[in-house]
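Listed next as structure tokens is one chain, alone, in the form predicted alone.
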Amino acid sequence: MPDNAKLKQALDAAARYGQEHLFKFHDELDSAGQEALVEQVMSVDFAQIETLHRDLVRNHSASAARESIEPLRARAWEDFSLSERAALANQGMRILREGKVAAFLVAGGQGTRLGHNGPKGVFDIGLPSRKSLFQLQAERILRLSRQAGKTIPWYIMTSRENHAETTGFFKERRFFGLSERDIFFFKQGEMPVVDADGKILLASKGRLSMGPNGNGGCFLALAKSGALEDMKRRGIEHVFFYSVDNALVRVCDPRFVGFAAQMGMPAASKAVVKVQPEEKVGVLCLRNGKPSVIEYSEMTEEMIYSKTADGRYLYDSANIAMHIFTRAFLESHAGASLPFHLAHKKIAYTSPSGETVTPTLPNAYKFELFMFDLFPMAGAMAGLLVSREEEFAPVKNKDGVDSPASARNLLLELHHKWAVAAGVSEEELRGKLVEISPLASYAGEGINTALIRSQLGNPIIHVS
């Protein structure tokens, strides 16, 4: 039986804030279910939920005051001379050799929009090798670690929903050749989901409805999990942040590491030039003089179409969720109080009669943190424009733009270009699909042309 004193404490806390309905089905639960419910209720900050509901749902007080928005001008990689590029890449590789770089992957999402029932990272985008997004990234880390002669530790943030499946996937595949001790899994934080009246929904008779606390919650999770402390123990100074759904991400890219170190700022971001001014992507900007990202929906028509004297669009540095933060900056600000934002969603719930209700219209509110709200605390951020075709193949939609098919095509087209640059002719590759394993080449270096030519009799050329 659950501890009676603890049960009374939980009941009193819920009743104080008008949330006593959370115990409506308490007596129908078995002992383990009752204990679990009490633990969930005890973990809720009811005062915070009440304040967020009052400010964001009832009073809509989150509307931003008038702000000054300016573009954050990113430096294009092509604008550096060949000698400057070499120097930056060498500097980055030196930092990698010193073991001062870690990879931080945000991988809490599910592949629901892709028609995939499971973590997005296990998704197979249809490459000839059938490699998952996780495997592509793991092999890039392994290849780069071998080149540097130093292990790159990998910190992976999951969610309650996909943690077990994610860690199981890695174990089944023997961590893709990486050492288990160099991969640190931890879960993202959660917040209760409420209805229009501020009542916390029940996901089932014995479980509160909880949702991830937004991508900005990754920093708090990094600190609470002990991951930041682990980085300090390892001597990490630069943390490469990225999200799981980019099939072309260059994890811990030496060029980017060197660039970030050379700029000497607490943070640096990669960006790509917008395909067209109306592309619905966030753009690097200065908000009241401090680094941030402005979403497309926030931009005025004047901002969207304004150009510089040389004909470039003023706001053209599209955010691609690749950043480098100094560990010192994260240690200072990971626990900072960020503002919550409101999301109105369709959330299934358990009704007062005990039935599961699946709404057809948005019925619930989620409170989320945005990672961009941490950027201003850096004071300054360096931007690096890179090639979209070489580094950005997002997997977000089931079909069309930013789909598995588009990401697969971008990757195969890039590998075709690598083979041609290495000396295999276009004529030899006509009608062939070329896939080059990350274990064979991180970014087009060291291509084995003899191995490619040995497979020219096949429709699919796979260099592993």
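Quick caveat: nothing in here was measured; it's all calculated off a predicted structure. The term rigid core refers to the maximal set of C-alpha atoms that superpose within 1.5 Å between the two forms. The first residue of the shown sequence is 1; numbering continues from there.
Beyond what is shown, the protein has a form predicted in complex with a small molecule; the following relates to that form.
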Next item on the list: Mind telling me which stretch in 208-216, 281-289, 301-309, 145-153 gets its heavy atoms within 4.5 Å of the small molecule in the model of the complex?
Entry: 208-216
Item checked: in the model of the complex, the residue from Pro71, Pro254, Gly109, Gly383 that sits within 4.5 Å of the small molecule by heavy atoms -> Gly109
Check: Of these, Lys345, Arg130, Arg181, Lys171, which has a heavy atom no more than 4.5 Å from the small molecule in the model of the complex?
Finding: Lys345
Check: If you check in the model of the complex, is Lys120 within 4.5 Å of the small molecule, heavy atoms only?
Finding: yes
Check: If you check in the model of the complex, is Ser269 within 4.5 Å of the small molecule, heavy atoms only?
Finding: no
Note to self: Even though the partner isn't displayed, in the model of the complex is Asp245 close enough to the small molecule, meaning a heavy atom within 4.5 Å?
What the structure shows: yes
Check: How about Ala260: is it within 4.5 Å of the small molecule in the model of the complex, going by heavy atoms?
Finding: no
Check: Any chance all of Arg113, Met157 and Lys396 sit within 4.5 Å of the small molecule in the model of the complex, going by non-hydrogen atoms?
Finding: yes
Notebook entry, point to check: Once you line up the core, how about Arg233: does its CA shift reach 2 Å between the shown form and the other one?
Noted result: no
Margin query: After a rigid core superposition, would you say the CA of Arg130 moves by 2 angstroms or more between the shown form and the other one, or not?
Written below: no
Note to self: Following rigid core alignment, is the displacement of the Arg174 C-alpha between the shown form and the other one equal to or greater than 2 angstroms?
What the structure shows: no
